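For reference, the chain that follows is the form predicted alone, supplied as structure tokens.
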Amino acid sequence: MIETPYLLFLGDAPDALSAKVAQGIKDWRPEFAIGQYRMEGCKADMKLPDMTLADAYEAGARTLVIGVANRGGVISERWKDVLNRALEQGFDIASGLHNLLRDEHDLAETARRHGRKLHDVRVPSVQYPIASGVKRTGKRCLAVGTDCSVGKMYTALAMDKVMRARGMKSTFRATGQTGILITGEGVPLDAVIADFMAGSIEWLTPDNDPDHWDLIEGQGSLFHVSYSGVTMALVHGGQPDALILCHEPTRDHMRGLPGYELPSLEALRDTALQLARVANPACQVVGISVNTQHMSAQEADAYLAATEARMGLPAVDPFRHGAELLVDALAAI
């Protein structure tokens, strides 16, 4: 078990989106987030107290969580001094990066010397099966995006919160490092061997009560040439009964791909639905989740109204305005 509360390490993150792991923990498990540690040049800010390692330890933090999700998932050499000092201070370290803490010999030696733990949450701990395609009982909803980091996890978490408040049967199913750190369990999908990715999602969303909903955390985008593979595994392994389209309208290109424009919501709807119906012919697109964090309230309201009118589907920002309309759409099918 990863000991809480956390000190969120933002390192030298170049922008807020690069620290999305920290942002997710702060937004969904604020009781775990006691403060933040930022290095010189860090452009991210969780609006938490900036703390030294000693101050955070004195305040009760026991795990330094690497809150950065950089391209390639690497542990920067620039971070090493802070990470080693954190272990010496008495912190454990948790990371969801592909570059494993345990493989960094200096960190492993410091942890051994001081009796501290290194938690690599992006390591599969189960021998997953190859997908069978056999239909499972229960219901499943998957958020799919026009791009990476547009709010797919937030959408599923917000819907799960509303459904639980209503007394509906639902489970948020984490498929990435942030979701796993928030809930404590899940499948680190992008670290699973390709042949077993879809099977890992079948394993994650097993047979359940007929009225139970699994809310599957989305990953990547069918239109992102770097990360489309994980999305396909979710679409086929998840066998969703419902899709939520997720979009961030202020971007001028795909994240990390300046030469690629974002697809339209219509293109996402048509492509995702066709592929989802390979595994579940009854799948439906039921709603649209729009990340309006970079829009004013007036701009957001106008965009949501226009999108809803154009697409004929409920369009909301579930984090800003609540996920009630999306849950209503699920309950109707």
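Keep in mind that this is a model prediction, so the values were computed, not measured. So that there is no doubt, residue numbering starts at 1 and follows the sequence shown.
Just so it is clear, the following notes concern the form predicted together with a further copy of the same chain, a form of the same protein that is not shown.
Site residues 191, 232 and 279 are all in contact with a further copy of the same chain in the predicted complex, judged by any heavy atom within 4.5 Å. In summary, the region of this chain contacting a further copy of the same chain in the predicted complex, judged by heavy atoms within 4.5 Å and restricted to 241-249, 205-213, 221-229, 112-120, corresponds to 221-229. Between a further copy of the same chain and the residues 39, 59, 275, 302, the one pair within 4.5 Å by heavy atoms in the predicted complex involves 275. Distance criterion of 4.5 Å from any heavy atom to a further copy of the same chain in the predicted complex singles out 198 from the list 198, 159, 181, 153.
Residue contact check for residue 131: one or more of its heavy atoms lie within 4.5 Å of a further copy of the same chain in the predicted complex. Residue contact with a further copy of the same chain in the predicted complex: residue 100 places no heavy atom within 4.5 Å of it. Residue 271 belongs to the set of residues with a heavy atom inside 4.5 Å of a further copy of the same chain in the predicted complex. When contacts are judged by a 4.5 Å heavy atom cut-off, residue 108 does not count as touching a further copy of the same chain in the predicted complex.
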